[in-house]
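As a starting point, one isolated chain is supplied in structure tokens, in the form predicted on its own.
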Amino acid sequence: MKIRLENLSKVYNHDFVVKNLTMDINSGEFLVVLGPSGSGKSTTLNMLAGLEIPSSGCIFFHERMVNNVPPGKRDVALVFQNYALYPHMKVYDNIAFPLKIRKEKDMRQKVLKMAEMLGLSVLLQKYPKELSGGERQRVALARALVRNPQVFLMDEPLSNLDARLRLSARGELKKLQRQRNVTTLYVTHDQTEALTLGDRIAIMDKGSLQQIGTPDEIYENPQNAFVASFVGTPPMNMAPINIRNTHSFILGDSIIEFPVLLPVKPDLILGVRPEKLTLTTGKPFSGEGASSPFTIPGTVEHVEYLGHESISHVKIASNIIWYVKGFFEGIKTGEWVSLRFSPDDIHWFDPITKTRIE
């Protein structure tokens, strides 16, 4: 089912929670809505489900406007962060409930298959109060997935699973969605979930859509500084700079000689991903306020060892810390280092509008 939102808004106490949201969700697409708390993503999902009425704008399922269609008539399956299980029913009956309502055939086979997929087979005769939070979350997920609705709506469905189960559940969820080709809207604040699950990602902040695109488009070509800083672990490094001339700029106390032509603007925000930086030890400049060709000087504040890689926290100005991702032997806290990167890896942003400059 194709879904279209046209100028969708929700207002509480004269404040926009969702503001003029317009986007298409393609039939069979797995769209992830990503954003911080308070960005309006859950409210958007609730309006799609029919649990909240839009203040203005329209919701279309195919070509049919469903603003006033009750939730039970929309043929959507919901999974929420707070489980919403029936406490008087055992796990088996919770999962089977939507199938019983529709009097579907092969109910037992469908329930057992879904329970096995989500690791619930040994819990089928238990009540929700006997389960852990992660187990309850899996039951809620199984109840939604066991039937075949036109739309899946999921609000942080994996948030209470431990790391191992979350990884396997992501894989099974994506596999099942592809098999059934069901249009899915998945709300999360976890960028790893967004990047691994989504066919496309819609990023929201303060009720407004910031960017929508494939995971690769979002990561490699963020349209503004918010998207650039929100997507990525660690986030994109950013720093305000002052342009001196066509081939040098000032960053903090350092003058950086730049090998290619700089944008024609007096002030900019420079951004570069942590994995695009290389790090070498030693004081990278000689002379007050000068640096070697296209290096940024800094001092190591802290190094995080993560097993397969490390993240170095490097202070490049009085109030600016940059992250460097990768293994660099011999790096110690407190020593001078030089950060190098290619001009092709730089993202430029306007310091006022925060939008990307091509």
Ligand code: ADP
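This structure is a prediction, so every number in the text was calculated from the model and none was measured. From 1 onward, residues are counted along the sequence shown.
One more form of this protein exists, namely the form predicted together with this ligand; it is left out here, but the text below deals with it.
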query	finding
Heavy atom within 4.5 Å of this ligand in the predicted bound form - residue from P54, G40, G50, P297	G40
Partner-contacting position among L21, V17, L339, I25 - heavy atom within 4.5 Å of this ligand in the predicted bound form	V17
Partner contact for P36 in the predicted bound form: this ligand, 4.5 angstroms, heavy atom	yes
Among 323 to 331, 40 to 48, 298 to 306, 58 to 66, the region lying within 4.5 Å of this ligand in the predicted bound form by heavy atom distance	40 to 48
Heavy atom within 4.5 Å of this ligand in the predicted bound form - qualifying residues of 1 to 19	Y12, N13, V17
